[in-house]
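Coming up is one lone chain in structure tokens, specifically the form predicted on its own.
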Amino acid sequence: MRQRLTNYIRSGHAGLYIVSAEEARVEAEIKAVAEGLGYKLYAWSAIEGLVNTADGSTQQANDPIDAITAINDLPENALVLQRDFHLFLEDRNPVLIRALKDELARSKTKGRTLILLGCRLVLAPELEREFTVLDFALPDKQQLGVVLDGICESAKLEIPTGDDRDQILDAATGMTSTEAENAYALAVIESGGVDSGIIRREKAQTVKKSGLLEVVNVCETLHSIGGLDLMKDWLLQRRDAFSKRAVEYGLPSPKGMLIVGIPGCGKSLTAKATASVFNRPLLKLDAGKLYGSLVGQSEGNLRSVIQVAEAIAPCVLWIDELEKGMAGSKSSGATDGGTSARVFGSFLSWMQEKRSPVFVIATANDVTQLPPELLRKGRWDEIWFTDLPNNEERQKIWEIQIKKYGRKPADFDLRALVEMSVGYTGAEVEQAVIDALYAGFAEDQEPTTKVICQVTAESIPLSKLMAENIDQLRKWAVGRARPATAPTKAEKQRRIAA
């Protein structure tokens, strides 16, 4: 970043906009750039006014328009850092915008550069072409390591090395320098050392604050899934794809996969299990939360999500119910001024061009709502279709769910349960076990096969409630998506006969 800033300033860029929540770290970089170029550095805030950072002298220009006017009196070859200036641009004050444009034109002839620093991008259309926008990346492992060493030295602890150090830095990736410093210090207070588990816990809270991403604690594995054997084999084949050995082999990092299918048939469960297969953190994104009411907020939210995901990488990014976030992109120009289309386009570009090891796994129930550009090859490594479980899969699901709730599958007639649950999803099978437990608890006895069959018969499966939708989805999947389950012998014979 330091070299990029230097190049922009030397090339005569009069307006730079740095998007970052790390004010102190950005200011340190700008100060280093100013010293390297021999420029004077001034910093403005609505509280302090315009401050000469060399001698601490202050010019009372607390009003943003006065601050812009005061820049004209500064010497040539100067950098002017304007903190939180984006807050004054939100209401699109025409006087402020005009003053800013005029000052940019003057500054360009006098070697001055105006640097706006804010946690999000807010630019009126009149200023979009006047500023070059720079995203200040979150600290990498080397920078987080410097912070770690400082904490250990101040606490008089031995500096971690080897695998212990790698685990600590992996746990801290995706945090700002200040957040990492606070997490390190808290770990020292709570455990007497720098514990990676505490740091992961704090990172989960930090990521969750934005409301966009959530770090999911994963306990599910592929053994938690009944069936879907083809998709499981595909994942197992790629379980070491993020390892150093894979990089040395020249193996490209997998991009991700899209899972479409009937609700309750293991899509979300597979997303969680994927993180266990890769042994990487799982970030969950609700695509609907990307959109904000302020101009530029939606695009900024997507940039923030990508920045955090790439900083934490290698990781798994789970986008649940993708169609809810991307369905409106076709009519975006008429409904939201093109915001959905711009967000969708940025997401597609990132999916196509990303080089960071972020494995994206998206789930969708209504594939007809997804734009066709999202479904073509190159966006995903594979598109899977999860259908209603067959007999073998349902038996495995019954076994898993019965064990999950502390009972032995051998105590039940699994064949009868399989025959009773034809057309039921995995989620409906689990609910049947839960209902049977409630019924048994009310009678102060253990649930039996008869009780489970009874509660199963009393419920109406999704395959009947949405028979037309399921049939339509199955027709769409033929030739467009890969089945997650291998066909049974009976199904193969029917296909041959057809």
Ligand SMILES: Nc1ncnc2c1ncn2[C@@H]1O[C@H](COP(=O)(O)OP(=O)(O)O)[C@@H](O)[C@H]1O
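Note that residue numbering follows the sequence shown and begins at 1. Note that the structure is a prediction, hence the values are computed from the model and not measured.
From this point on, the text means the form predicted in complex with this ligand, which you will not see here.
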The listed residue (A183, L322, M175, I397) that reaches within 4.5 Å of this ligand in the predicted complex by any heavy atom is I397
Among the candidate residues V194, C265, L81, I312, which is the single one with a non-hydrogen atom no more than 4.5 Å from this ligand in the predicted complex? C265
Find out whether any non-hydrogen atom of L114 is located within 4.5 angstroms of this ligand in the predicted complex, and reply yes or no. no
Against this ligand in the predicted complex, would I225 count as a contact residue? Criterion: heavy atoms within 4.5 Å. yes
Do G426 and this ligand come within 4.5 Å of each other in the predicted complex, heavy atoms counted? yes
Does the 4.5 Å heavy atom contact test between R355 and this ligand in the predicted complex come out positive? no
In the predicted complex, does each residue in the set L269, Q401 and K404 place a non-hydrogen atom within 4.5 angstroms of this ligand? yes
Considering this ligand in the predicted complex, find the one stretch among 274-282, 255-263, 147-155, 211-219 with heavy atoms no farther than 4.5 Å from it. 255-263
